[in-house]
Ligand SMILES: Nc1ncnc2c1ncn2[C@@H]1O[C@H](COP(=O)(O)OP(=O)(O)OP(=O)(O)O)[C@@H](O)[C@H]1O
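So this first bit is one chain, no partners, the form predicted alone, shown in structure tokens.
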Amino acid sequence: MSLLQVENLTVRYGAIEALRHISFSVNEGEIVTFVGSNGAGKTTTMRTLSGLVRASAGKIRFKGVGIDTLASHQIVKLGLVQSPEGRLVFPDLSVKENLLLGAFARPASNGELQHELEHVFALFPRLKERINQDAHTLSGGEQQMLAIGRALMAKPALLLLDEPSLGIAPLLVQQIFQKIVELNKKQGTTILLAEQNARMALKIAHRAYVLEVGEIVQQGVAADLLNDERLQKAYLGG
């Protein structure tokens, strides 16, 4: 079933078209990835879905509801939740405080919040070890875990992950991607991933879209695109 449907989405920053009439979908239970170089439009796509950037044209439907004109907090309440590029954790708040802020948009009892915290700690045990540390004391990889965990506290029907490998040591990148697969396979979380590391993204995704200068130039089954000669030359060092 189609959870997210986007038709002819266009975004302009002044005279610049950051996105040009892109159409795509995400089905329930999938990992779908956008791959492309820096400046291709991946983050703009994510920010537009989240209501942080307004589309100039096109339609966005989530769970069958038009969300083009909704405020960001309303979109979160519907279950579309983003872990942003650059992590953007609250540096002077503790790990626990950061996580609890992720649940701000939904009513929950203390018992429910504790249950969700334990769910996040089961996925990222390192966060439990650092529960009372301020976020700025964490490594880049740990901050990425915290950003994803904070998004999970909102109980997303669709989790948007924007460049989760950015600025993280290679070993931790592997761990983060393993956790993304675990979220999808074991917990059934639907995920839309924007990622410059095309090889890693295509290895874990079901389907993929290739963005170049604001346009979708290729799409298909991720495993097929991983073996595509043109894509290998452009993004995979082939």
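We number the residues from 1 along the sequence you see. A quick note: this is a predicted structure, and the numbers were derived from the prediction, not measured.
Separately, the form predicted together with the ligand exists; it is not shown, and the next lines address it.
Within 4.5 Å of the ligand in the model of the complex, a heavy atom is found for all three of 37, 85 and 196.
Checked against the ligand in the model of the complex, the residues 190, 43, 175, 50 give one hit for a heavy atom within 4.5 Å, which is 43. The ligand in the model of the complex is not approached by residue 216, whose heavy atoms all lie more than 4.5 angstroms from it.
Using a 4.5 Å cutoff between non-hydrogen atoms, residue 18 counts as a contact of the ligand in the model of the complex. Under a 4.5 angstroms non-hydrogen atom cutoff, the ligand in the model of the complex lacks residue 142 among its neighbouring residues.
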